[in-house]
Every structure is written in structure tokens, then in C-alpha cells.
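The chain that follows stands alone, in the form predicted on its own, written as C-alpha cells.
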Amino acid sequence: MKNAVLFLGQILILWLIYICSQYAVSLLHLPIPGSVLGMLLLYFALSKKIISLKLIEKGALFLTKHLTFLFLPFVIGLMSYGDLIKASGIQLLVMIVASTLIGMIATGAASQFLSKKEREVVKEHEHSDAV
């Protein structure tokens, strides 16, 4: 019984973080989804040791383990668009693949650019220390 209450408490903590982030996005008109803000807040809280990992670990593992189950409503919702998928499936697939590739290329280019800039700053710092 004690384990069940602790587990439900952990799920409640994660849910409260999600609800607070949804409310913050709505209140502040932020251009990101509430779930993304919630993950950022949770990461910050864990990295700054505001929240202990033990406080949410079992609940988070349970949710991660059953993640595919949480996508069922999305997949079932797609079933109602069967005619659209039959009529425009190829175009949708091309758009999804193209947008994914564009996102990956942009992310890779930005990462390489920032990495190059960081190396230049480190070299400049090393050079100024040597002088």
C-alpha cells in the first residue's frame, strides 16, 4: 500500500509540473508547448537539485515504459482521416520527410557553426594566455 501511494505521489508531482507549465504558457502567451516548458522546468529542477530524482523516478519510468500506450489516442484519431490519407498520402509523406530533413540539416549546420565558434574562442583564449 505504501509503494502504491508513493508511486501515485510521483505521478502527481509530474502531472503538477505539466499543469503548471500549461498554465504558464497560456498566461504568458509563450510560443512553445506547455509540455516542452514542463520538461525544461523538470530538467532545471533536477539539475539544480530542487527535486530529487528519487522523488519522481518510479513514476517517470512507468510513464516512459508505457509511452506507446499514450500515443493511442493520436493513432486512433488518424483513423478518422483515412480518406484524406488515401487521397493525399504520398504528398503528406513527402512533406513529412522533407520537413524532417530540413530540420535535421538546419540543426546540424547550427551545431557545427556553434562548435566552430566555440573552438575559435577557446583558441583565442589560449593564445591570449600564452602572450
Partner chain sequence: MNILTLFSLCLTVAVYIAARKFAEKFPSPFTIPLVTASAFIIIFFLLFDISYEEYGTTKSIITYMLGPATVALAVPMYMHREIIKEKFWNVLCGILIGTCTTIFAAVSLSKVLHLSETIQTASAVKAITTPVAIDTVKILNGDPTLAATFVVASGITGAITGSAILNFFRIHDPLARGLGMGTVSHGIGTSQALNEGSLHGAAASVAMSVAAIMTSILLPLVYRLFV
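Note that the structure is predicted; figures quoted are calculated from it, not measured. Numbering follows the first chain given and starts at 1.
What follows is about the form predicted in complex with the partner chain, which we do not show.
Undergrad: Going by a heavy atom distance of 4.5 Å, is L27 a contact of the partner chain in the model of the complex?
TA: Looking in the model of the complex, residue contacts with the partner chain do not include L27, since no heavy atom lies within 4.5 Å.
Undergrad: Is W15 close enough to touch the partner chain in the model of the complex, meaning at least one heavy atom pair within 4.5 Å?
TA: Because a heavy atom of W15 falls inside 4.5 Å of the partner chain in the model of the complex, the answer is yes.
Undergrad: Is there a heavy atom of G9 no more than 4.5 Å from a heavy atom of the partner chain in the model of the complex?
TA: No, G9 is distant from the partner.
Undergrad: Check whether E120 has any heavy atom within 4.5 Å of a heavy atom of the partner chain in the model of the complex, and answer yes or no.
TA: The answer is no: E120 has no heavy atom within 4.5 Å of the partner chain.
Undergrad: Listed by sequence position, which residues of 83 to 116 have a non-hydrogen atom within 4.5 angstroms of the partner chain in the model of the complex?
TA: Residues within 4.5 Å: L84, S88, Q91, L92, V94, M95, I96, V97, A98, S99, T100, L101, I102, G103, M104, I105, A106, T107, G108, A109, A110, S111, Q112, L114, S115.
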